[in-house]
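A single chain, nothing else alongside it, follows as structure tokens in the form predicted on its own.
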């Protein structure tokens, strides 16, 4: 039995969970997946990426035993020295013991608990599954199977006093494991939140995580969302993040893609108001046979808005990077300012980078630009640093850091920026502090 058939046959055990409206949503989503199946390279946005090596595994869909982890075992996967609320999930199950929530100051809870709480009923009905594209089979699969994740609701005029860290752990002790977390983030008018998300496998068994996050930013809301993708080489992460923005809102999503068998980030933002700012940024540093895809779409549906996309990729050995970025500007969306850039450095002759920036513009009063570069290390610049007494490896690392500094310096959480510097230094094999 292949994975698609296994998923469809296993769904029957979940059919009686949840209220009638939710079950209808899940059943409809399963039908979409049943019709479309897993995406293949025949689809344009998947032309450089094959899921066949991933879906051939015999994944355990429902963990059979509860894992009893201590905080000391998982602490190293959190951002060092950061005072933050935290939500820890182990094999798809929320761990109250390992988590530290907001003590009722803000609405931060497990999604399963929010579904059962009457005071969130209207919020969930209004937002859950409302911006997921109906033609995406993996998002539909998540909708059908997801039972747990983070629910973050910041009311009008509130600002989270410290970031929220979401840590999804996979023990995969029994066999290969498939997880499908779901996050719902609703930020009210003139409210603010900073969120850090990480998925981490704890051993060498294969893990396939199919994640969906829906973010709603009301008028004047500010959302800073960071994704740490620094996992083992047995892990596959498909991350679908959908954003809906109202007037004067500002949403920024940034990733650090530093490890994993296959990481695919699919982000879509809909600007449904004016004076909106949307930012997608990412730093990628890979080696071995690892691969990262960034697939983006910013839909400018109203006038007087901005979007910024800036992705820096560094690829060594036989690693591969894919950037498929899209800016869509409707006829009504005059005075749009859209920027899109993908820069890539190949650190070996066997590394590959595919970049496909795209603009589709129907308005005539816009300022939009896009571009991509794929090249190698500037040997003249490296030689210049060597003549200043900087050793080869450190000079090389400084150049790589300078290359991606436009992303790193925009991080608004100092502790996270310090950690990211350390991760990149370790990946480059040097011991140096870029900000010391």
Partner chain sequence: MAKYTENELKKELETQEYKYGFYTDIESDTIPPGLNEDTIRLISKKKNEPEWLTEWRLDAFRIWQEMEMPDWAKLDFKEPDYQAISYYSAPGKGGPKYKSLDEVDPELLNTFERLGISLEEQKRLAGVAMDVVMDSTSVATTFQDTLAEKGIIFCPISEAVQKYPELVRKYIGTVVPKTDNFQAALNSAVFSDGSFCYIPKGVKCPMELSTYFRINQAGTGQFERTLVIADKDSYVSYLEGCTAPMRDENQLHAAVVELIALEGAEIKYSTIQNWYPGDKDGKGGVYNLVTKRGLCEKNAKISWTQVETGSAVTWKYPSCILKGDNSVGEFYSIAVTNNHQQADTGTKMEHLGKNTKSTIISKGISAGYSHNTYRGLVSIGRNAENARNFTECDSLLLGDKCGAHTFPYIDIKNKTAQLEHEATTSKIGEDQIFYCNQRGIDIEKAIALIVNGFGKEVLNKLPMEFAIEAQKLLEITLEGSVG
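Positions refer to the first chain, counted from 1. Only a predicted model underlies this, so the values are computations on that prediction, with no experimental measurement involved.
One more form of this protein exists, namely the form predicted together with its partner chain; it is left out here, but the text below deals with it.
Asks: Mind telling me which stretch in 341 to 349, 126 to 134, 150 to 158, 271 to 279 gets its heavy atoms within 4.5 Å of its partner chain in the predicted complex?
Replies: It is the stretch 341 to 349.
Asks: Even though the partner isn't displayed, in the predicted complex is residue 407 close enough to its partner chain, meaning a heavy atom within 4.5 Å?
Replies: Looking in the predicted complex, residue contacts with its partner chain do not include residue 407, since no heavy atom lies within 4.5 Å.
Asks: Considering only heavy atoms, tell me if residue 360 and its partner chain come within 4.5 Å of each other in the predicted complex.
Replies: Although its partner chain is absent here, residue 360 would touch it in the predicted complex, with heavy atoms inside 4.5 Å.
Asks: Just to confirm, residue 380 within 4.5 Å of its partner chain in the predicted complex by heavy atoms?
Replies: Heavy-atom contact with its partner chain at 4.5 Å: absent for residue 380.
Asks: Within a 4.5 Å heavy atom cut-off, is residue 356 in contact with its partner chain in the predicted complex?
Replies: Contact check for residue 356: yes, within 4.5 Å of its partner chain in the predicted complex.
Asks: For this chain shown on its own, do 55, 60 and 98 all sit within 4.5 Å of its partner chain in the predicted complex, going by heavy atoms?
Replies: Zero of three within 4.5 Å in the predicted complex.
Asks: Out of 27, 376, 50, 392, which one falls within 4.5 Å of its partner chain in the predicted complex, going by heavy atoms?
Replies: Going through each option in turn, the one that passes is 376.
Asks: Which one, 138, 366, 78, 93, lies within 4.5 Å of its partner chain in the predicted complex by heavy atoms?
Replies: Among 138, 366, 78, 93, a heavy atom within 4.5 Å of its partner chain in the predicted complex occurs only for 366.
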